[in-house]
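Single chain ahead, written as structure tokens, the form predicted on its own.
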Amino acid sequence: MKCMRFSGFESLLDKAKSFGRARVAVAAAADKEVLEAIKLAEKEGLITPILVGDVSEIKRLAQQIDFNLNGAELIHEPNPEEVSHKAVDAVVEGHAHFLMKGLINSADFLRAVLRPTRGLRTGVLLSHLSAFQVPGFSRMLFVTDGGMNIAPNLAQKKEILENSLLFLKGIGMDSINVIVLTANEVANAKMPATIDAQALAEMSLAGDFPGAIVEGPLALDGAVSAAALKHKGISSQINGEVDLFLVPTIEVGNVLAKSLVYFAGATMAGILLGAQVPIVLTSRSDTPRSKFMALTMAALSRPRS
């Protein structure tokens, strides 16, 4: 199945910029690395920032990195218990297209996102999608869910997959090759992940995932190498041309992501899906460029009138 693919983050950025500036509300924006990412994105014409937090500290840090705040809206909220709520308010009231976490605990941030009144919940499971630009690969690779759901069951894996497919279709990928990743290719009741993978592949054959081919169970080598498939005697429509990995647990996703970054020199970015708007939920260890690319992903998939 032919698929429009992105060659790397620059191709994502070019498309996102074509939509004009997106407004992003940043909760607890007084963080040097976050502000460096915001500076990059603002300079590229990608975003207009709404920076929520202790304004004096935001200004102090911005001065350190030579970030001119004239194009930013500043909302003063020094109370760490309220700062995420103010950022979510900006989205709910239509002032921001999407949301970004700054220097605040993820649990506190998500509590505001999922608040029962004027929150951003949709009834869909929140899930994490990572994008990777890997040296030597001609296309971007995507991984879900290595950052949110710990050990999803079959129904949750289906929701996680649907979240990612909705995102990828929304950014222009007209058909998506999905591998449900496991340790081997044999469905075995002693390895529940293989049973789930088989079930998801059967759902795909039944038409549950339009615009996608979903195969599994399959190990990593067969997902990326036609030669490995041939050696193992495995027939595959995808034949090593995977776009999206659906991992069985958060540990597998985490290790796969960090292996790509630290062993293969990949550039990584990730966002949360399943809320009313995309959410940039980055790690303290992420570089400003990684955070910038996560902003690009969110800006590309933001709701547009």
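Note that the coordinates shown come from a computational prediction; the quantities given were computed from them, not determined experimentally. When you see a residue number, it is the position in the sequence shown, counting from 1.
What comes next is about the form predicted together with a small molecule, which is not displayed.
S.K.: Given that the small molecule is left out here, which of T48, N239, N254, Q276 has a heavy atom within 4.5 Å of it in the predicted complex?
M.R.: Answer to the contact question: N254.
S.K.: Heavy atom within 4.5 Å of the small molecule in the predicted complex: which of M140, M148, A193, I176?
M.R.: The residue from M140, M148, A193, I176 that makes the contact is M148.
S.K.: Using heavy atoms only and a 4.5 Å cut-off, decide whether all three of A183, A226 and L229 touch the small molecule in the predicted complex.
M.R.: Zero of three within 4.5 Å in the predicted complex.
S.K.: Out of 184-192, 75-83, 209-217, 148-156, where are the residues with a heavy atom within 4.5 Å of the small molecule in the predicted complex?
M.R.: Contact criterion met by 148-156 only.
S.K.: How about V261 - does it come within 4.5 Å of the small molecule in the predicted complex, if we only consider non-hydrogen atoms?
M.R.: No.
S.K.: In the predicted complex, is there a heavy atom of the small molecule that lies within 4.5 Å of any heavy atom of L114, even though the partner is absent here?
M.R.: Contact check for L114: yes, within 4.5 Å of the small molecule in the predicted complex.
S.K.: Mark A199 yes when one of its heavy atoms lies within 4.5 Å of a heavy atom of the small molecule in the predicted complex, and no otherwise.
M.R.: So A199 does not count as contacting the small molecule.
S.K.: Wondering, does I250 line up within 4.5 Å of the small molecule in the predicted complex on heavy atoms?
M.R.: Yes, I250 is a contact residue.
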